[in-house]
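Take a look at this single chain in structure tokens; it is the form predicted alone.
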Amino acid sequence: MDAEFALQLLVNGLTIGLIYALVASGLSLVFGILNIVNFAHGEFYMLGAMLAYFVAGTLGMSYWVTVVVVVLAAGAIGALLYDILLQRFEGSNVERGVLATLGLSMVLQNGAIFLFSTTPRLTRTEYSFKIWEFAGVTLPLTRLFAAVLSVIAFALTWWALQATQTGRAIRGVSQNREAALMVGIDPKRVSRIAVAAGIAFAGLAGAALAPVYSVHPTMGFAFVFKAFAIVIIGGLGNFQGAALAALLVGMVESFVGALASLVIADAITFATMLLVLLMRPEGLFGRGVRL
């Protein structure tokens, strides 16, 4: 393997990992606060991509305007989702919450199939079919922008969690809900913000990837299972762990996929998940340091 090819695989792996991290970290954020595994998370990624297709393709908005519109809409949907559904199941109703989100996933997926059919659609933007080249490495601009948006989203979220009052409240509720309530933090308000942020991450991933992959109602199904594997490897509820595990999975997928096949790369990812469940159930980076 020459150095140029290895550098190309490295860049591809980082890009794929950052994209995976958007979905996985949003899933981890919701679990860290509500202790509910959101099986509908992949469908919110799909809805974000569908909305991006409509805003960019039908309304003719620019790429960046489309991203902003989708993220704001996804955040609003996340807050509404918490008020209508998720707050009823946080805490002691975890099993019912899993069933509820699984049912919601089926409703959203089949509703999208009924309204839009299963025909794949390609979202065209002003950056479609444009390539970035540097030091022998080539990357589609839309894929590069998706990676850059991921980095910006993680940097802003990490800063918010560490430096703002709301971020510290989110960390407090994730660590001890009752103690947070005793010192004057409203857990429901914090949970609403966290769910809105988690769904906004899924929407951002959908908007960023709509010009990269084809858009269709079942696109979130396979993607969310990869996100579940990443979250388990990194540590359930561990925001930073999910991001690091996503980068690891992206690198494995890039190098193994190029040297062998993507089937083997997927097998390695899920085999790693099984090993982590058997040997270190709290994840590689531990649940105790989540958020």
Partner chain sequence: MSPPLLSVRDLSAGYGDEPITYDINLDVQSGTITTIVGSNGAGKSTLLKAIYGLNRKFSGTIDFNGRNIETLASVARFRLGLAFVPQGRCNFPLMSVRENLRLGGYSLRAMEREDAIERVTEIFPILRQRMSVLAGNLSGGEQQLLEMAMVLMISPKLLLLDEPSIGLSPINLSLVLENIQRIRAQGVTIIMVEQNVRGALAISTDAIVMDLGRIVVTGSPQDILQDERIAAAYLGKRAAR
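Bear in mind the structure is a predicted one, so any value in this text is a computation, not a measurement. Positions refer to the first chain, counted from 1.
Not pictured, yet referred to below: the form predicted together with its partner chain.
- Note on the interface: of 195 to 203, 80 to 88, 158 to 166, 97 to 105, the segment with non-hydrogen atoms within 4.5 angstroms of its partner chain in the predicted bound form is 158 to 166.
- The partner is absent here; in the predicted bound form, the one residue of Leu149, Val71, Val190, Leu209 having a heavy atom within 4.5 Å of its partner chain is Val190.
- Within this chain, Glu178 lines the site of its partner chain in the predicted bound form, having a heavy atom no more than 4.5 Å away.
- Contact between Ala135 and its partner chain in the predicted bound form is not found at the 4.5 Å heavy atom cutoff.
- Among residues of the shown chain, Arg171 is one whose heavy atoms approach its partner chain to within 4.5 Å in the predicted bound form.
- Within this chain, Ile185 lines the site of its partner chain in the predicted bound form, having a heavy atom no more than 4.5 Å away.
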